[in-house]
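To begin, one chain is listed below as structure tokens, in the form predicted on its own.
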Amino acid sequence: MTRRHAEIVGAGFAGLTLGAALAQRDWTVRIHERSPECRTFGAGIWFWENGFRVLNAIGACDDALDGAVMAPSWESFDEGGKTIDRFEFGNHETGGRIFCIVRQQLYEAVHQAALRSGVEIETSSTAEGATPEGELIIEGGKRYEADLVVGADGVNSNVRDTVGLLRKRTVHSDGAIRVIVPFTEEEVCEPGWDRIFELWSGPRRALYTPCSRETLYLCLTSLAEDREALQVRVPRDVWARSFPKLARFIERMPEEGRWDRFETIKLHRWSKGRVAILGDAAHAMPPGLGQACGTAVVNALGLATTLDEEKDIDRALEVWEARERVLTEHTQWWSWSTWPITRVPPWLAHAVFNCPGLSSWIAKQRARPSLYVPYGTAGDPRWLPPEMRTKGAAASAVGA
């Protein structure tokens, strides 16, 4: 029997996850990456229970979460130190867990899982577009035929745009500088060092998220019009004045910082003919729920599983979108609506997040994506750290 073949554009988290999952289901897979090497920029990334299940399914979870910190809670504060919003995360027994991972560590774990599965990756290979018949067109005129072409090539996707699937692209008024800074040995001995918190200062926001005992992820958010905060060289003194509680960490920030503006992408459909769109190319979102990457890998595994079950590709693409799109758009909306939008005053956010009845309903809506069991993982055990698995096995042996 002839093996089915996929051409994927974009060696990011979505493309690599899909590539690994398809190869593990006996597809041949080639991924095209426009950069000369496979890597991601250095910052942190939130990963929830739904994402762990996907990483575990493709064999990447142990490497991705090695040394990562499981955060116990998250809290946001106004300039006077008053709590705006707060919630507790789950634990290894109850679920709802969240880790923050250094992006490069997560990326390398997924990258290696794809390579182990037999995925071929071509670097310095830029896609010009695709045809609904399943043909990928590479810069310079080279063409590849496939049973399925996948555009996982980000918000500026050439694959998506050549098949006319973009419905709406919203560029938001704010964005963020994301950096990794080192912890000292003394700092990780301080009470509460592993808790995530966010500080508000006028229209600026600062998010403190530990990744490990060695690294801290800082996310500094501002409006695009905030010229003082968005100089070519990161003005550490400006940010330290806004957030004196974080001054010692801000002083360790690199001078060169990348400011990315938030966007939301909506499509007419997620596929056309033999072309499917995945990840930010299909559903970019602000970081309000920390689910952009998690949603991308969930949908990637869902696509691979559906293609394995439904041999007719046209039918498989319809079933996949019908199953995943509702929750994806729910996640986009709540990522935007509960993100600490820089124009929202603290008193209004406090009133909304602490309104009796309303606050518990909001919490449930925000939790839906993280507690979702990705399609194809329902029969899999929940991921546990290797040391906990070893303890469990030892306890079972004693009981026997």
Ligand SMILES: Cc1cc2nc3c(=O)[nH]c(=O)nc-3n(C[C@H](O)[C@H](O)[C@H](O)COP(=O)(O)OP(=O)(O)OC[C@H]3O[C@@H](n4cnc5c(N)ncnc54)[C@H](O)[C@@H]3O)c2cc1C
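Residue numbers run from 1 along the displayed sequence. Bear in mind the structure is a predicted one, so any value in this text is a computation, not a measurement.
One more form of this protein should be noted, the form predicted together with this ligand, which is absent from this view; the next part is about it.
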Only hit among Ser242, Ser271, Ser222, Gln291 for heavy atom within 4.5 Å of this ligand in the predicted bound form is Gln291
Heavy atom within 4.5 Å of this ligand in the predicted bound form: which of Arg204, Arg103, Arg97, Arg236 fits that? Just give me the one. Arg103
Can any non-hydrogen atom of Ala152 be found within 4.5 angstroms of this ligand in the predicted bound form? yes
Quick one: is Ile250 in contact with this ligand in the predicted bound form, heavy atoms, 4.5 Å cut-off? no
So, His172 and this ligand: in the predicted bound form, are they within 4.5 Å at any heavy atom pair? no
Could you confirm whether Ala176 comes within 4.5 Å of this ligand in the predicted bound form, counting heavy atoms only? yes
Among Val9, Ile45 and Phe262, does every residue place a heavy atom within 4.5 Å of this ligand in the predicted bound form? yes
Would you point out which of 273-281, 322-330, 196-204, 79-87 contains residues with a non-hydrogen atom within 4.5 Å of this ligand in the predicted bound form? 273-281
Looking in the predicted bound form, the residues of 125-164 with a heavy atom no more than 4.5 Å from this ligand, listed in order, are Ser125, Thr126, Ala127, Ala152, Asp153, Gly154, Asn158
